[in-house]
Each structure stands twice: as C-alpha cells, then as structure tokens.
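Below you will find one chain, with nothing else, as structure tokens; this is the form predicted alone, and questions on how it binds or moves follow later.
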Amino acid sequence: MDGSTTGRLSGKVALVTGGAQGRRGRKHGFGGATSWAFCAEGARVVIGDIDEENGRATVSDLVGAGFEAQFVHLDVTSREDWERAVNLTAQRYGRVDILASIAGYGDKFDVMEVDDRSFDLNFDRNPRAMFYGIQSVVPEMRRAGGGSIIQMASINGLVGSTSSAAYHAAKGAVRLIVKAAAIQLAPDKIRVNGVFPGYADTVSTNDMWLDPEMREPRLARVPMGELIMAEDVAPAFVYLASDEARWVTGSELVIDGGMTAQ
C-alpha cells in the first residue's frame, strides 16, 4: 500500500483512536490496520493513542509510504485529551469527517469475579470513552455538514460467554449508544455505526492464541474455523466511512466467521 490521492475516502479527514499498532512488517491492531486502509483510500489520518512510541513509528511508516498522517497523544478516558485531539485534527486539516473509535479495554473475569477495578476499566474505556468522542467531534462534523462515527464494538455486546462479564456489559452499552446517537444525530447528517468483530488475532490477543487450551475451544465455535485478522475488519471501517454507506446509520456490522449465526 503506497501513497494515494484518490480513492473511496479521497478528501476526507479521519481521527483514529487506538491506532498505534500499525508498524510496517508487524502484526497490526484494529486501529493500525484501519489507519492503513483509510490512507490507502485517500484519507488524511490522525492517529490518537497513549502509546507514543509505536504511534509515532506507525505515522512515520505511513508518511514514508506517501500518505498524510499525524500522531496525537489521546487517552480516551480524558475529555481534555479528546478535545485536544479533535482540535488538532481540525486545525491541521481544516475539518473532521470520520471518527474511528477503536481504542478500548476488555478482561476475562466472570460475573462472580468482576471487581470495582474491572468494572471501572471496562466502562471508562468503552461507553464513557464513546460519549467523550461523540461529544468532542460532533461540533466539527456539524461545521463540515456531516460525518461518520464508527465505533468498535464486539460480538460480546451481542451474546454471552463463559467469561468477560464486565466487557459484555460495556460492549452491550456501546451497542445501544450507537443506536441512540444515530437517531439523535441523523438531522445533522452524522452517521453512527458499530463494528462487531468475533475472535481476532491482533497484537493485544496474540498471547492468548498461543495457548492451545484457549485457542482450540474458541476456534471450534467459529463455523469458518479461523481467527479474524485486523486486516479483515479494516474494510468494514472503510465502507462505513465512505459515501457508499450514506444511508447506513445505527447498524451492527458483524464480522465473526458465522459465530453469532448459531
């Protein structure tokens, strides 16, 4: 993927949270893969993350490939960081058309194991962060005449499992915030959608999949029999960010190899 000035997102400006894991030649996270996919389709991208080292290195790789990209420190639990990131994006590129809100948090505690820390981390970095992002970016999107907000969700926001109780609750909240925001922002031509991946092999889950006791029973639940890669999910963000999806809002785009069809 090399620099492009044309494409499905040509002329658009995107803020991508959780995009630091996008180093060339390494396994990508969802945000890193999405940043490359956005750039390849002609968008100018600002990556927001707390991982400054990898975030800046990812931006360097993107710029080296001929794309326009910039890094900003963004802790999604900080309203001030959100406002600074949105302001920087608007000042640098004159507008904000797309928010890909991908940074989040999850743990494996079951319903009897969840403590206050687990509960707070899951809700602070998922639904609370989503509210902060929407509230920060909407004024700029209104000035631009519309926009697309794409929220990373999870199939754990659709169905239950044997663990991750607080994560299920947090992503379930995200699912309904998507729908409420889609209805409330529709008059502003701002679309809000959710992407719901299944079991994925990314930087953050790499260690888990190296353990056969974790990997095999989970793969057995996936009809297509394979793990999803970040690059399999990034095209969903491109579609929802593009004008092809101009009538798509409040939707749940599920990418799970058929798991939730059972």
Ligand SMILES: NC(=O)c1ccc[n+]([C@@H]2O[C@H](COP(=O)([O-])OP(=O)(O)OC[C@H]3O[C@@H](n4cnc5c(N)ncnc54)[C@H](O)[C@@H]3O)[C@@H](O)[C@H]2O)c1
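Don't overthink the numbering: it's just position in the shown sequence, from 1. On a predicted model such as this, the values are computed, not experimentally measured, just so you know.
What follows is about the form predicted in complex with the ligand, which we do not show.
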Problem - Contact at P127, R175 and G194 by the ligand in the model of the complex, all three, heavy atom at most 4.5 Å - result: no
Practice task
Answer yes if any heavy atom of D75 is within 4.5 Å of a heavy atom of the ligand in the model of the complex; otherwise answer no.
Solution key: yes
Problem - Partner proximity in the model of the complex: A200 to the ligand, non-hydrogen atom cutoff 4.5 Å - result: yes
Practice task
Indicate whether H168 is a 4.5 Å heavy atom neighbour of the ligand in the model of the complex.
Solution key: no
Exercise for the section: State yes or no: in the model of the complex, is some non-hydrogen atom of S148 no more than 4.5 angstroms from a non-hydrogen atom of the ligand? Expected result: no
Fill in the blank from the handout: With the partner omitted here, the residue among V138, M152, V86, A181 that in the model of the complex has a heavy atom within 4.5 Å of the ligand is M152
Handout entry: Contact segment among 38-46, 60-68, 214-222, 25-33, judged by heavy atoms lying within 4.5 Å of the ligand in the model of the complex
Key = 25-33
Fill in the blank from the handout: Contacts from 51-65 to the ligand in the model of the complex (any heavy atom within 4.5 Å), listed N to C, are D51
